[in-house]
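For reference, the chain that follows is the form predicted alone, supplied as structure tokens.
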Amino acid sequence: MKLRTMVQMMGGAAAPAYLAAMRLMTPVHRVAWLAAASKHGVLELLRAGPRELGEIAEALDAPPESIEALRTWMRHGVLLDELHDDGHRYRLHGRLARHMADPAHPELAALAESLISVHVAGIYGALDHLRDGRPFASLDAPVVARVSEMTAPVMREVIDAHVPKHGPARLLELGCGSGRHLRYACERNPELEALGIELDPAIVTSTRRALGKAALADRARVRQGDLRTLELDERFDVVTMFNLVYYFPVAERGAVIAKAASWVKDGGALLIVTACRGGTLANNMMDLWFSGIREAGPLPEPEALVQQLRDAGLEPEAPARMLPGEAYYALVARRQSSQPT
């Protein structure tokens, strides 16, 4: 090829811009390949050891006529340096592929999947939705829940600070999901009794099973329900709302927080941990997606939450930023002992 032809292919004077655009291909292809390899169990299969193409096809239940397409797809992993192919078998090679295959880091695989199914879909499709007046589809709840595990250390820090470590106490977690935080709190305090509320019946079933396996079913209960219509006669020392506020429309949030506050006993506290407006690309992506879901709403402002906590009869502390450089906050609000519940 003549140099002149190459320069023309690269846009002539705009060559630096063409090169910059081409450099975007590798990271986009990498996350898409890793997300698919994780979703369909290829990483898990290869973690157990090298595999021939036929073994991978069998595991995927791929028909014989798809074998060449699968070979080409696997070669993409090799070109991305995430796989090694010795001519007979494939094995994991790249650091990302190896870590994402490790069951100790499920949030990494979930992040890759969410980058494709949420971030790319949301950014690329946002203007179509805005132009047509169509809401975004609801988020893939299992993927979002798995990504949220990345913030689990923040919840543990908040629990350590505000849930008693010793002595009888009662905890209510609204939107308890997998029950991870219920388990942590109960294992931390052997006299703690906890109740989790979860909307999804399937998650309720799996969480109850997990609590049973952890020998905590006698102290940690899970109940299915929508907290907006839920009736509880109980009162608790601590009520938590972790990564939950933005699942409600803005117009409903004051009533939701008031409902949560009504279950706080005298001297108890309501703990809210949430992403808020602002922050990094990841946070802004969440804001974009939730803003476009009809049954949810944009990320909250910390000041608005503080006022809603006051309106609910609690005394809030100043919001605490939990992640450096990110608009991710913990809010603590207490009910004074002299106040009626």
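Owing to the predicted nature of the structure, the values given are computational and were not obtained by experimental measurement. Numbering starts at 1 and runs along the sequence shown.
Below, we turn to the form predicted in complex with a small molecule, even though it does not appear here.
Although the partner is absent here, R228 sits close enough that one of its heavy atoms falls within 4.5 Å of the small molecule in the predicted bound form. Although the partner is absent here, N189 sits far enough away that none of its heavy atoms falls within 4.5 Å of the small molecule in the predicted bound form. Within this chain, G177 lines the site of the small molecule in the predicted bound form, having a heavy atom no more than 4.5 Å away. A residue is said to contact a partner when one of its heavy atoms sits within 4.5 Å of a partner heavy atom; F248 meets this definition for the small molecule in the predicted bound form. Of the stretches 97-105, 162-170, 68-76, 143-151, only 143-151 has residues with a heavy atom within 4.5 Å of the small molecule in the predicted bound form.
For the residues A121, A137, L199, A258, the 4.5 Å heavy atom test against the small molecule in the predicted bound form is passed only by L199. When the small molecule is considered in the predicted bound form, only one residue from L195, L80, L244, A269 comes within 4.5 Å through any heavy atom, namely L244.
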